[in-house]
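So here's one chain in two forms, each on its own in structure tokens, numbered structure 1 and structure 2.
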Structure 1
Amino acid sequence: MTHIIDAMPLVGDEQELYDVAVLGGGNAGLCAAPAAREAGASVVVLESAPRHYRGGNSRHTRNLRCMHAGPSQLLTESYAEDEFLSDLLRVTGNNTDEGLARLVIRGSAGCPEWMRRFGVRFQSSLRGTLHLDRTNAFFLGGGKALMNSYYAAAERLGIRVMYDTEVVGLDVLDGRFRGATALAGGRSLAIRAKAAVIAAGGFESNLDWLREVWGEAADNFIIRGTPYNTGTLLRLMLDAGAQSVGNERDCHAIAVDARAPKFDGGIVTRLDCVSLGIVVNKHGERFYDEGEDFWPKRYAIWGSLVARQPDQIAFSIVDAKTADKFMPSVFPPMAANSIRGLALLLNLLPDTLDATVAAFNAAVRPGRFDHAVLDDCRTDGLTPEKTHWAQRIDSPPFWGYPLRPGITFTYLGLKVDERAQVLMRGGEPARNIYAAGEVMAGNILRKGYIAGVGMTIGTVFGRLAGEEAARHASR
């Protein structure tokens, strides 16, 4: 168990002093670091991963959502503040801090241009099941290229980056950060700074913590991103008296291919075919409306849905009519020329799956299929109904994909104010501790998700936290 070094001298083989210490080396941390450096601060970044795994979950991202007034080289049409907020409120069930949400939305408009200054390049956004060409700017080369650009910029700016450096203790007295104890290469380091930015993610990679929350079901979860997001700094800050936000049981969890690795499977294991067919559990039974809404507004609920099914397993089934309408998993589908044959491949009871598909087909009502809109293809007489994109599953070959809950990040985090300052349990902001990224995203996202908004939160609050930390350090 990690521990707090509270109101005691930091002890280490080496001691170093900086204006700003950024604890975490993902998107939020690498936005905070150059923002602080350009404001005149000396900056160190402590990254727990080795250099080749740097970047946290941001390595697996592709885009960020941003407000814009009109068409550009990156985005079509327009995406206004109120529409962005409406989308966010819809997926969160209005469970958000609207003031902080608007801060992020307004700040998003300037993100692409700011990112370009540090070498980030963009491409035209994707079409198809993602529906994001109007709302999301896509990184050329994906998240790894994004992070490589930021790290190269950090080197040019004279920011010190320390890899394989795990923070194991914080010296926090009366809401004031005085330093951190870290382990690096078998030696202990005492890092002192005038201000700190906490940007080390959530606890989704901490399997013991997940088991505390979910019980044995957690053993069947797949962690989509880095194995280094263990929640150590989150736990340390909560122990030091920081206010929490969000529920520790809630998480961004999507349906991923059950054949994915335990960690770091990333985007290529995601399955985007759910809305185009049906999903059944291990008993061959449907359990949720696959066509409830556009995929980018609903894909983040499917991990939790699968987690609540027996043995945390489900199966997505589509036919030849829709096989070319979604981005496939890195793993090939299981394919058969009959539903009964597919059931055998998926280890399902053939009679049960055959009956489920037959009942679904009989309930489909005529409509004009159009996956680009909320069409009128639906079922009638089923529980649950499929409200959009319902087509008979009758054209071989039939494809099946096994699904597991794939956790992207956890919603439990540190409560912050509009200056990115961490709020302590007494209600006052910490004097010199700021937070950005996943570790504070629960202020805005306490449930649900819309594609790209996590990167938007990390970018906007990373810049803000870096600037505020540098301002404090200059006093």
Structure 2
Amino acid sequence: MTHIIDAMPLVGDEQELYDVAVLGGGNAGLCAAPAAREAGASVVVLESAPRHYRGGNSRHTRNLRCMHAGPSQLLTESYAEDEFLSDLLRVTGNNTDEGLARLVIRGSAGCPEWMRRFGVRFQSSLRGTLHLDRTNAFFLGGGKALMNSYYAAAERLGIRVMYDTEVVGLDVLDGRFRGATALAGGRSLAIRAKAAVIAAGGFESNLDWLREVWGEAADNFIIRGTPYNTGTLLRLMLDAGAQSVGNERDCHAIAVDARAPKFDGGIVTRLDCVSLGIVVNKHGERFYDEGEDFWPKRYAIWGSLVARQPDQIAFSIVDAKTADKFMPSVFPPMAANSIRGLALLLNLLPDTLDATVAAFNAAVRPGRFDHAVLDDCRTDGLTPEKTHWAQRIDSPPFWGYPLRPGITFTYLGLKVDERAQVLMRGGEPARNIYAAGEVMAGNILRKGYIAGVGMTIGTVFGRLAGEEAARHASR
């Protein structure tokens, strides 16, 4: 089977034969490329985005999770293989390929040192906003700085990087990659290589595809990361007979401020006040226990909770008592001195919101508020109850934040083996096609998520895919 989109004439100037073509220039791609180059291969990276927006979702990240035996400059205490694995099993409900998971976990131990060779810098663990210093190594300056380091290293190593170059067609015959077609500034290019690494992320930015899966609700989703992860390569590979992992409907989504931009709003659009107050839908009614568990353990369910509400919108409401208890938000709160006034600002019916708040306030049982523990402040007699951190909402000014589902990434991916080789539907590995990063993360996480594991998977598998692709090309 050959899959080429051949609407435009091919331009002849890219007929050079590379050893390895890396398709997608995020973290996984930029780990694969230098790994392949250092193994002696000639390498080209094709990246959809223009230079400024290179680096996909990876440019929005801040850390990766690393197993380690003892404290170091970047990580405190220790984090053993089994603990890492049990953390992973817990969030995925045991739904993982343990062999691949262990491969990632063991590989993670060497990541910081390997990354440093390419100029990547880390924060020291002494200070940090999040309490993840034991398990996660933080990039100095975040993911964009990380990607800048990798791209500079790629240039030093003599890797060809083509920006603004979107792969739109793959020439794959019986599981063998022969070339790719790309669109570069309106021109069509053919790129030939002895091996390919697919590192183009999920399909979270493809609004049509999201609509296919989610229906009209998808129109109200906000895409937290890059607009360039359209899933084109995922679809082309599936069409070419690759085996999939994960469910098309599964995605990681959190509740973000509804005023966030449609794409690329990144980390700053999240809202950390949900557990401190109440959340109502557009009818002014509560729909879920806001105090179920610590916010970091719960924030990832709120994306789908909001997605299931009418018009995919909800409102977090807090009062003056809690104003300084959460990370400041990038958008100012809607503020009013009465609940009715706030309702008007939020476009809710004043009577219903007033009734909801009154009922909530009446149900709050006395307790000692402590946001650092699962405290005994709860409601009694509500559906749903709020089981922790329930305090009356009675101190003006009242603040409201509108919420929408914000998709981080999708889980559907390509099945791979322990050499990062893509598996075809018959179970046999594709001869010269490898995958790394979000596009194969579903092998390890089909659902659930623990902070920093996406970048770990991309780094370990990116490096592996690059090395394996280079080895194949040298044969």
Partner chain sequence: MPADELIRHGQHVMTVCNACRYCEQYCPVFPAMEQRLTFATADLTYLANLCHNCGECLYACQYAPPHEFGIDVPRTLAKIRARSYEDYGWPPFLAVAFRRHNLLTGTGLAAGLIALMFAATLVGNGGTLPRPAGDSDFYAVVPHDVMVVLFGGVFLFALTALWIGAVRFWRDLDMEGVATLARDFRALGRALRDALTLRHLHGSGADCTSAEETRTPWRRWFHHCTFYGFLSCFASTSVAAIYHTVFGWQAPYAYTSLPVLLGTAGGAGLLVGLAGLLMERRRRDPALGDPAQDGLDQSFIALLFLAALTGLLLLVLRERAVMSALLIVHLGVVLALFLTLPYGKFVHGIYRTAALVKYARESLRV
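What you see is a predicted model, and the numbers here were worked out from it, not measured in a lab. Every residue number counts along structure 1's sequence, beginning with 1. Under this definition, the rigid core comprises the largest set of C-alpha atoms superposing within 1.5 Å between the forms.
Colleague: Compare the two displayed forms of this chain and pick out the form predicted together with the partner chain.
Modeller: Structure 2.
Colleague: Any chance the CA of Q73 moves 2 angstroms or more between structures 1 and 2, core superposed?
Modeller: Moves: no, less than 2 Å.
Colleague: Would Q243 count as moving between structures 1 and 2, using a Cα shift of 2 angstroms or more after superposing the core as the test?
Modeller: After core superposition, the C-alpha of Q243 moves less than 2 Å between structures 1 and 2.
Colleague: Using a rigid core superposition, assess whether V213 undergoes a CA shift of 2 Å or more between structures 1 and 2.
Modeller: No, V213 moves less than 2 Å.
Colleague: Core-aligned, what does the C-alpha of P296 shift between structures 1 and 2, expressed in angstrom?
Modeller: Its C-alpha moves by 4.2 Å once the cores are overlaid.
Colleague: Using the rigid core as the frame, report the C-alpha movement of K282 between structures 1 and 2, one decimal, in Å.
Modeller: In the core superposition between structures 1 and 2, the C-alpha of K282 moves 3.4 Å.
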